[in-house]
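A single chain, nothing else alongside it, follows as C-alpha cells in the form predicted alone.
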Amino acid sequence: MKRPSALHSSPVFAELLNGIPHGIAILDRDLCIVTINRFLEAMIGHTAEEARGVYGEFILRANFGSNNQPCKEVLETGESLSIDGNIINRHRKKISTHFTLSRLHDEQEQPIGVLIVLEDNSVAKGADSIGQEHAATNEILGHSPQMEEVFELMSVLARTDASVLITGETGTGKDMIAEALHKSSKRARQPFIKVNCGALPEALLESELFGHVKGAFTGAVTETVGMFRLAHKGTIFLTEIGDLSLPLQVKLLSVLDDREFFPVGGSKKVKVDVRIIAATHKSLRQEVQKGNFREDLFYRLNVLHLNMPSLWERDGDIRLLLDHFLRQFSEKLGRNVTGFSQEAIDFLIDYHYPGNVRELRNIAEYSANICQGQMVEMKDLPQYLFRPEKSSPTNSASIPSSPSPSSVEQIQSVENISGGWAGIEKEMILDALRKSGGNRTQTANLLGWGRTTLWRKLKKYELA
C-alpha cells in the first residue's frame, strides 16, 4: 500500500473519498492531517488544503480523548476503535458524531497512518425518508393549529428541490426549520452549510460564499473554496438574506440561474449542485419597493414560501414550551425544579414575548438557574418582565397603528379606568367586540391574539 502522503494526490483516490457519505480523515504516523474528504470539509468548516499538515487534534476538535490518545492506541495496537462523541466545528457548533478509527499499513504491514471515519449522528438517526422527516419535525415543538400548518407544509417542501424562503420574526425558529427541511430531504446525507449574510462586510462575505484564488487580494495566501463548494450536493442556508448587498445579490442570482460562479479573483467558473434555503425577518416585498432588494432575486428565492408564526400567535404552545425548556435546563443543572407556580404560569402565558421562542427559552433557563425550590415563583423570573411596557400583552404590537376615535378616547381616559392593566385590557376587549359586532374571530384579529387567548381572556373577565 502506498504511503498516505502519496496516495491522497491520486485523482481516483480523491474521487473515491468524496463519494463516501461520511467524513473521512487520513492521518500520517505523526498524527498530522494528510487529507480529508469533501463531506468532512463541510462538517468542520475547513478545507483539505487548510487542514493538510496540521496536527489532527487541532482540526478534529473531538471529545473522545485528549492528546489524540485513541489514534495513538490504534496506531500502536492495530485494533480498530468505534467511539461515540462530538466535534466542535469552525463555527463553534457541536456535532454529535460516531468515530471509527483504523490503522493504515504498507506492504510490509508497517503502520503508516490512521483512517478516521466520522458519521454525523443527527443524520444517521433518520436512515430513511420517513424516519428523517419524523426525526426532523420532532425536534420542533408545537401542537397549535398554526404549527400544525407549518409541519404539514414542511412535509411538502422537503420532497422538492426548489428554493425556499422562510420568513418570520426574530426568534421564531427559522434556523431549525431550515435544518429540518434539509434532514428530511433527499440531500440529508450531504452537507448542510449555514451562512449569516448580515454578519460579515461585503468583501469578506463574497469570499466566504464563493471562495477566492491565491493572490486575489492582500492576505489571500492560499486558495479558499467557499461555502457554496462545501455545500455541493447538499443545502446552503442563507440566513438574514435581506442584509445581502446589491452586488452580491446579482452574483447570487447568477448562481440560482446557472448553477455556476467565478471565485473571487478567479477566471474559471465553478459548477455546483446546491439547494438554497433563505431566511429573513424583513419583508422582502417592502425591501424591493425601497430599492434595497432585487425583484428578480426575490422571485427566484420565493419559489416556495414558509412563514413562521410568532409565539404569541401559537395558541397553547407557550405552556408546552415553558415546561419543556424548564425540564431540559433543570436536568442539565442537576436541579429538581418540577414546574412553575400557578401565579408564574398565568403571568408567563399572558406575556407577549417580543423575542419569541428564543426569549421564552432564555426565561426558562434563567428561572432554572435562580430557583432555589421545586417550583418557579414570580420572584424567580427575570426582573425586566415586570416593567409595564414589557409585561402587558396589549403593547404596541397589539394596538392598531391608527387608532379609531373611540380607541383614542379610551387611551386618554386610562387614569379613569379602575383595575389598572386588567381594567384597560377588559375595556380593549369590549371595544373590539363592539367593532366586530360580537364576532370572536374578528375580535381576536383586531387585538392581535389567537382565538384560544381571546377565549381565556373572556373567561377571565367574565365576558363569555
Partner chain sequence: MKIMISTRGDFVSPRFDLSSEVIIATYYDQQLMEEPRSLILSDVSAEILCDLALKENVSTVICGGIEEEHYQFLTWKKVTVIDAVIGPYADVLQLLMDNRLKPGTILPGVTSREVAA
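The shown structure was predicted, so the numbers you read here are calculated from the model rather than taken from an experiment. Between two forms, the rigid core is the largest collection of C-alphas that superpose within 1.5 Å. Numbering follows the first chain given and starts at 1.
The form predicted in complex with the partner chain exists for this protein as well; it is not shown, and the discussion that follows is about that form.
Checking I87, M147, L118, L326 for any heavy atom within 4.5 Å of the partner chain in the model of the complex turns up a single hit: I87.
Taking a 4.5 Å heavy atom cutoff to the partner chain in the model of the complex, the contact residue among K186, R319, K269, K379 is K186. Interface membership of G423, defined by any non-hydrogen atom within 4.5 Å of the partner chain in the model of the complex, is ruled out.
The closest heavy atom approach of K94 to the partner chain in the model of the complex falls within 4.5 Å. Shown alone here, V54 lies within 4.5 Å of the partner chain in the model of the complex, counting heavy atoms only. The partner chain in the model of the complex is approached by C32, whose closest heavy atom lies within 4.5 angstroms of it. Figure note: of the listed segments 171-179, 356-364, 254-262, 158-166, the one touching the partner chain in the model of the complex, with heavy atoms no more than 4.5 Å away, is 158-166. Residues are counted as partner-facing when one of their heavy atoms sits within 4.5 Å of the partner chain in the model of the complex; in 293-328 only L304 qualifies.
Relative to the superposed core, A188 shifts its CA atom by less than 2 Å between this form and the one not shown. Taking the rigid core as fixed, one finds a CA shift for L75 of 2 Å or more between this form and the one not shown. Comparing the forms between this form and the one not shown on their rigid core, the Cα displacement of F99 reaches 2 Å or more. Relative to what is shown, L157 and N89 are closer in the model of the complex; their C-alpha atoms differ in spacing by at least 3 Å. Inter-residue distance, S184 to R92 (Cα): reduced by at least 3 Å in the model of the complex versus the depicted form.
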